[in-house]
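This document contains two forms of one protein chain, each encoded as structure tokens and listed individually as structure 1 and structure 2.
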Structure 1
Amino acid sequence: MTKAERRAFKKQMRSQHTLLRHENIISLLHQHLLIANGGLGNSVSRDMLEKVFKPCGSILDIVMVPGKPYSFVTFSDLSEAQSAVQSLQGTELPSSAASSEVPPVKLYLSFVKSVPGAEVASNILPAGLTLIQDFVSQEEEIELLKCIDWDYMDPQLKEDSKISLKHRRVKHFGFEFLYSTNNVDPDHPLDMGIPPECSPILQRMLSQQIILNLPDQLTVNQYQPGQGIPPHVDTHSAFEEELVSLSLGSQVVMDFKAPGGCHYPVFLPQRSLVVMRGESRYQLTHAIAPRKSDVVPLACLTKDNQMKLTLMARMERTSFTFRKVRNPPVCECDFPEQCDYQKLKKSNRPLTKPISTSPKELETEHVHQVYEEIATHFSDTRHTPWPRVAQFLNGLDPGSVVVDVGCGNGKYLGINPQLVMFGCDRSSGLTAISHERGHQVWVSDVLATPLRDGSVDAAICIAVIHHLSTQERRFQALVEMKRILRVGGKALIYVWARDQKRGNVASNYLKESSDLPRDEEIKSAVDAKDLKAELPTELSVHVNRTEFQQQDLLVPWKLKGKEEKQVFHRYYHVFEESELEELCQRMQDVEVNDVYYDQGNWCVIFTRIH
């Protein structure tokens, strides 16, 4: 045997073992062949296999198994199967569009006694979901795609939409969808309504009674192959029940998942319309996996009733999702577990209108003023430096110029006497405390640090950026830190994490550490009542020392006065995993060196590289 033959034989044996392990099949001489390396799991399609095996005889069947790197071919008799093994053992698949990015695929064949029953994603739709094929014509599809001007940026857009989302392009019409709150502001419609090109389509939906109410909000998402959208349920209180979405440019598989774990991969053909109501709208999450291709039952493509699978490459897909904004934002659905409105009502938290004040007003009232009021008490509870922040400062070169942006009571300013450290804070009360302790400080805002470009060797910003109320402002704070760093300078950022129990180790916040005051007790019901009248926002009040229910919230701070207890509410945006890292990655000339979780915070160290 030559070396190549020996290798082929070895691979053949190994594939037989794999088969035994996975499917409990022992191979002898049979008309069925296992095609190792030729499966949906490694991006091989039915077409490709058919082309390869056709010359050997008449193929009765090809069975492809979802997610597995092998499949099965059945010939009409044994001799054909034998000749296929002889002539095609170790054959390379001709590189096609789908496989051009990867090294050539070599197929290894072995006989199998039987073929496992193909487990098929039979296109069963979840309750409440309707799929209408060919809802728009090819001409309408072209017309719709043409009417979206991706280069035009609506000056009215507030925040997130200005920065392109990592996984797709998005445009809003009628109302802006705010990703920071997963909601719309029904009192502030955009000047740009739903494009007139959509009218005939919407009228058709109404006349065919696919929908009962005319939508007033349109979100257009554009996905490149490989891009997706994480699992989510559209906020109940934000939109009416009916959601409709058109798939243009490409087909895709959308994954619906029930809370119990039941999974419905739904094939959305190009030009189809999907309508979500009931369970599929209110209870199931929907998502698009970030893949370049989908495994699709052939029955979805042809009238053929056989449940065979194939692989379909995704193209650029543009979805038009039409919704009607719910005003007032009151949802009385039958799915209280998934319903933001009913949950809030139940927990007796205030829910009136979405935030009507500007981000600046919100921060003035619920960050700056609160810190001034509680400065002394806050400072008394903040004496223990976090070890990993101290470690960062102790690792810097002696003589480094370092600024602590949002230094609070200055607990990090004296950690390493070898450094030239400055502190700044928005709160004059806290700055005064730092100054009394002999530190060099000034009062300034995290969005405008009065230092020259490239003037510091390092900067830290501990537990500050989570007080900024929009994604854009949080991003600007990071850009401002980068601006003052010299090339090669490092920044350390800490923000509060939504997840307070990572790896089953509760953070100090949940455990009630000694660094926090004892009198800050759990008394949520009282807090909520206090607030209802005076806070015209939809921010909910967090129950101290519990897990966070949402990303934007008000956290109570209890101050024991001489006569009565006062409660102050600080605004927080708690960060999801990788949210801070992604914001940092969006900056130019920055290299993220470290991302970690510490004491209930997400932490990033980045270096300015240009």
Structure 2
Amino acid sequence: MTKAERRAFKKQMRSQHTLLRHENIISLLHQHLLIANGGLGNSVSRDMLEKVFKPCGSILDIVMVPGKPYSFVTFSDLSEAQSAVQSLQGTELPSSAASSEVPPVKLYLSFVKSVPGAEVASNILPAGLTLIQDFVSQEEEIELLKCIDWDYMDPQLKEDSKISLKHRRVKHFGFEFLYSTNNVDPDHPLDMGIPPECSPILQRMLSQQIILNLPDQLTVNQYQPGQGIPPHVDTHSAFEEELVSLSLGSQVVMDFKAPGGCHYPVFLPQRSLVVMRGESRYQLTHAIAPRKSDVVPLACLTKDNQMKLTLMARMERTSFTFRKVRNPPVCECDFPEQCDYQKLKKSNRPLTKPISTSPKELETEHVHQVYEEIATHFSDTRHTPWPRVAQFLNGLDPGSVVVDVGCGNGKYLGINPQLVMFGCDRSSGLTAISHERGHQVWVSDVLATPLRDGSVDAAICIAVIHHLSTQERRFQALVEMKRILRVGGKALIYVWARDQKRGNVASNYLKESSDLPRDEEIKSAVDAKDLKAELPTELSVHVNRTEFQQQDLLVPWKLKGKEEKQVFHRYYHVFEESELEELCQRMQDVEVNDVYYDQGNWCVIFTRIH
């Protein structure tokens, strides 16, 4: 037996054992074949498999299992299946069929007694969502795409929006859509209204009663394969109920997710119109995963094979999303738990407007100065290391040089005595406490760490980057972390998550509400209304121990032990799912190793590879 044959035999044995253990599928000489290493989970499509196996005989069926790196093929008789095993065992998919997203795929085949009915290909729509296929013609699609001048940059756009255009092309008409808050400023319209080429499309929507209000805001996004958007809900009070979006140039799968965890992957064909109302608009988040292909039901593409799945590569896609701005921003929807207006009204707090102060001033006043004031009290509440961070540190090689960027009181610096650890923090008060505990620390900013390139084996940055007030500053902090890592070095990043519940399980932040009476929290928020005099426009003050209603906000810190009550307000940008991962993937020479949710935080481990 040759080396390649031995490798193929071992692969067969492993795959047969896995199927028996997890799927109760028994290996037996039969016309059914298991295709190990050839499934939707590793970017192999139905078309690829049909091309490879068709010369071996008459194919009765191909079954592809969602998320699994294997599939099944059934021939009309045993002899054809035997022929396929003899001719294709251990061979690579032809270069014309192999996906450009993954390395060449080798096929390993085994006989199985039966094939599972594992494919679920229904395109179920969530409540309130309407999908209209072929809403525009090919000619209208061409005209709409032509009318967008991507070279023109509107001088009225905020600096943060201009920066965000670097990684995804975006155009705003009527009003600027602010991605940091999923909101608009209704008092500052843009000079450029919705292009006239859109008028026939909008009039058709009105005449067919698809919409009841003529939109006055349009956001055009252009996505390259592999780009996406994190889960979000457009702010309730900012826009009227109906939100409509055209998909031009390519199809895509949009993921809708309910607060309880129910997931609806919805296939949006090219030239289709999706309309969000009710639950799909107000309660469910919608997102597009950053990948280059989607698993889609064949039922969406053909009238045959209604229960089958396949893989479709994404092309360049342009979305036209139309909204009607509410002014004043008032919403009385049937979803008070998620409604920003009803929650703010209930807590007697004023509605807020987007931030227009400079990022450095905002961070100086509501991050740096606050931590200097609360350093001692803050340190007293930060004494227990988080288990997953300790696990990361204890898993490093003995003698590794590790830096904790934003080390606070140094609670992680002594976790693993076999490491050479030191830390830095922007707060001189916290670094002084850490120094008193015997740690090697210094004062520096996360954006400018005084270390040489490639000087550490690992780095951690726990609960720091969410204090940076623009996307570009958060990205630059990650780039700085990568800079100081040696090639092969790893970094662990933690940021606060907007979603403080996973399924029905609340984070520790929400569970601790019994320690802080709600009346007192609301009073603190009301007392904070004087912030209007400190900032050009208001920044929402969060009610402690409640779920976050927007991404950019001020979180109160009540300083105890004082005769006169003192409440300080720290700036936070709370992260949506996939947002931190997408920022890490923007960096060159970085590989994202792990992404996970840990007690109300989004966490990423990445490695510097060059």
Partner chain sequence: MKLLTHNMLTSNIIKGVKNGYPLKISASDVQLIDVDFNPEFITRMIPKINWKVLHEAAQSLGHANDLPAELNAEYEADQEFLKKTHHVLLEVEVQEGDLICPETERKFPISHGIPNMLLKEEEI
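Only the largest set of C-alpha atoms that superpose within 1.5 Å between the two forms is called the rigid core. Only a predicted model underlies this, so the values are computations on that prediction, with no experimental measurement involved. Residue numbering: structure 1 sequence, from 1.
Between the two isolated copies of the chain, the second is the form predicted on its own. Here Cys339 does not count as shifted, since its C-alpha moves by less than 2 Å between structures 1 and 2 after the core is aligned. Core-aligned CA deviation for Phe173 between structures 1 and 2: less than 2 Å.
Fitting the two forms on the rigid core leaves the C-alpha of His232 displaced by under 2 angstroms between structures 1 and 2.
Its Cα shifted by 7.6 Å between structures 1 and 2, Tyr571 is reported here after superposition on the rigid core.
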